[in-house]
Ligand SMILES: Nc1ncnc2c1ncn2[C@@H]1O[C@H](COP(=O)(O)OP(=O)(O)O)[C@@H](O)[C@H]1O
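Coming up is one lone chain in structure tokens, specifically the form predicted alone.
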Amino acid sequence: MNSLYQSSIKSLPLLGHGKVRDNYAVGDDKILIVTSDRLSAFDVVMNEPIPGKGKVLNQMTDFWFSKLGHIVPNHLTGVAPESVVAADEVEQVQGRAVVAKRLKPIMVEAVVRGYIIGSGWKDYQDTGSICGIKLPEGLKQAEKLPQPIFTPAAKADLGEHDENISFAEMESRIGAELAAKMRDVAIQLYTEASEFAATKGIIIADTKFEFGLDENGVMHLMDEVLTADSSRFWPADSYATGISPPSFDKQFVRDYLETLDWGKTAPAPALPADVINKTQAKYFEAIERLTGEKLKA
């Protein structure tokens, strides 16, 4: 499978390169979002692509937009990406791009946790809480929480770590009404997605959503949604508490990097072929399990 490390669309103005996505202006009110095969770990972009990963992320997001569209509007316009680029650029966008509404991003990420893992587990061990939310005593690593919790994070600059903030801090940044709406919508999205994923043998341990406002102040779901990059997906058949369960994402990359004497800052170390191949296989398995279909070329 051909890979795309970074797009080079010349027919549209470049807005910027993110860790994974390249954004281009389509007129004044739309954006072409191209999802590359770049992979970031510990907020550092690796030098090698994971072939097909961008298509998996793009198509998985489209799948969830369709399934959850009754909850909140999203950034999709229905405009075909192939129709806004030059003929010799079509291959760069096929299967991995969308033309999205140009929204004003809300600079707080909506993180929903259904299980206690990652930074939440560390926080709980230290304080008995996650982001100030008191939890029952005696929870084990990877245990399911009594109900999903909302733990917002302030968006950081590229290469920096997002910062967990309290809900009160979120309210002070964006206003109480919008904060409450983001929280309630994010929990509903997570709950419905989790229930569906469970029928496919997948546990969604946690996820993050991003929202933006249109010119009328209407909140939209944007960016990527419930992908293996923005969520922890665990195969239900190998789930257990007391450990960090295996997952459908960049686990192989992170595990490999943890064996190195590397300070988790750029430049990134080289990834061996077997780590790349195993990571690719996990992304492909995730979309096939969820949607019941193989990746569209």
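All of these numbers come straight from a predicted model, not from anything done at the bench. The first residue of the sequence shown is number 1, and the count goes up from there.
The same protein also exists as the form predicted together with the ligand; that form is not shown, yet it is the one meant from here on.
Using a 4.5 angstroms threshold between heavy atoms, R183 stays clear of the ligand in the predicted complex. Of the heavy atoms in V275, none are within 4.5 Å of the ligand in the predicted complex.
Among heavy atoms of P105, some come within 4.5 Å of the ligand in the predicted complex. Using a 4.5 Å cutoff between non-hydrogen atoms, I33 counts as a contact of the ligand in the predicted complex. With the partner left out here, the ligand still marks one of 138-146, 175-183, 115-123, 218-226 in the predicted complex; by a 4.5 Å heavy atom cut-off that stretch is 218-226. In the predicted complex, the ligand lies within 4.5 angstroms of a heavy atom of only one residue of 203-221, namely E210.
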